[in-house]
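Just the one chain here, laid out as structure tokens, in the form predicted alone.
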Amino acid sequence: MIQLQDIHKSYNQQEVVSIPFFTFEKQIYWLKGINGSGKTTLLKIIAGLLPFEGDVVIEGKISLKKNRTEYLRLVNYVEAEPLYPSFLTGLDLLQFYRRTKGGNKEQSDRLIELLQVSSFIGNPVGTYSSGMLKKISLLLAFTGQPCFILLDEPLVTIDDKTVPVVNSIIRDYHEKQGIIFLLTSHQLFETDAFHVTHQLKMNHQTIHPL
């Protein structure tokens, strides 16, 4: 269970996100909203990447504001357009995530095989196509032992063969490990593929269950 507590975020005195209270149970959520409605801002708030008023608390005890290091080990996030230092390899990034997020070689090897990144993971990310970069970012999102995974436009730029693989990983992580997912997408998810149980709608101020 993850609780958003009195969340407020403004840009240039314009309030973008205002959530008095919201609880994410152990489900898969699809966050919907038009461009500029605050979806990415909300994900970055939960991921600990933006300053904001309020707090996010895991299981009633691990606070983003008070227990930041412990919190960040439990929350993984993938941006819609991931950007990493061009001189690092995908393997460098994976090893860094394993040191900071946990996980093990068996988990990494399985994800490398599923996402079919073995042919380029040893190359600098500056040489990657957008599809390769997205696959590496998804590999990192599924690394470790998170309790909450945030995926911003996870299906953008990946090839058609990889879409059902990503769906399968999401379903497997949720059903076997109880991981909560919050997804955004302008594409239509095959919701039956991984049993999306809640749809949420963002406008410029609030989050609403559909």
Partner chain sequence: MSVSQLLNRVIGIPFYQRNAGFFLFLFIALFGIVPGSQLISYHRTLIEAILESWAFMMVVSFIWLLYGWKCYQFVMNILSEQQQQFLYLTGCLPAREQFRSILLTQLFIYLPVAVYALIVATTGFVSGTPAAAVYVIVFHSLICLFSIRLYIRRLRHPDSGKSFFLSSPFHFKITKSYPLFFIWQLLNEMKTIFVVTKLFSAIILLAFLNGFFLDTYDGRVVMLGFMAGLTAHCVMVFEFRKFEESLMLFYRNLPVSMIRRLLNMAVVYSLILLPEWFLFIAAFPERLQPGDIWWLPLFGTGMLLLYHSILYKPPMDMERYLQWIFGISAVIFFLVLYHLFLFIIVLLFGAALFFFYRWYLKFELTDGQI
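It should be emphasised that the depicted structure is a prediction, and the values quoted were computed from it without experimental measurement. Residue numbers count along the first chain shown, from 1.
The discussion below concerns the form predicted together with the partner chain, not included here.
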Checklist entry - Hey, in the model of the complex, does K105 get a heavy atom within 4.5 angstroms of the partner chain? => result no
Checklist entry - Any of the heavy atoms of K26 lying within 4.5 Å of the partner chain in the model of the complex? => result no
Next on the checklist: Please tell me whether any heavy atom belonging to R171 falls inside 4.5 Å of a heavy atom of the partner chain, as the geometry stands in the model of the complex.
Outcome noted: no
Checklist entry - Going by a heavy atom distance of 4.5 Å, is Q116 a contact of the partner chain in the model of the complex? => result no
Item to check | One residue of I34, V156, V163, L49 in contact with the partner chain, assessed in the model of the complex (non-hydrogen atom, 4.5 angstroms) | outcome: L49
Checklist entry - Within 94 to 114, which residues come within 4.5 Å of the partner chain in the model of the complex, counting heavy atoms only? => result Q95, F96, Y97, R99, T100, K101
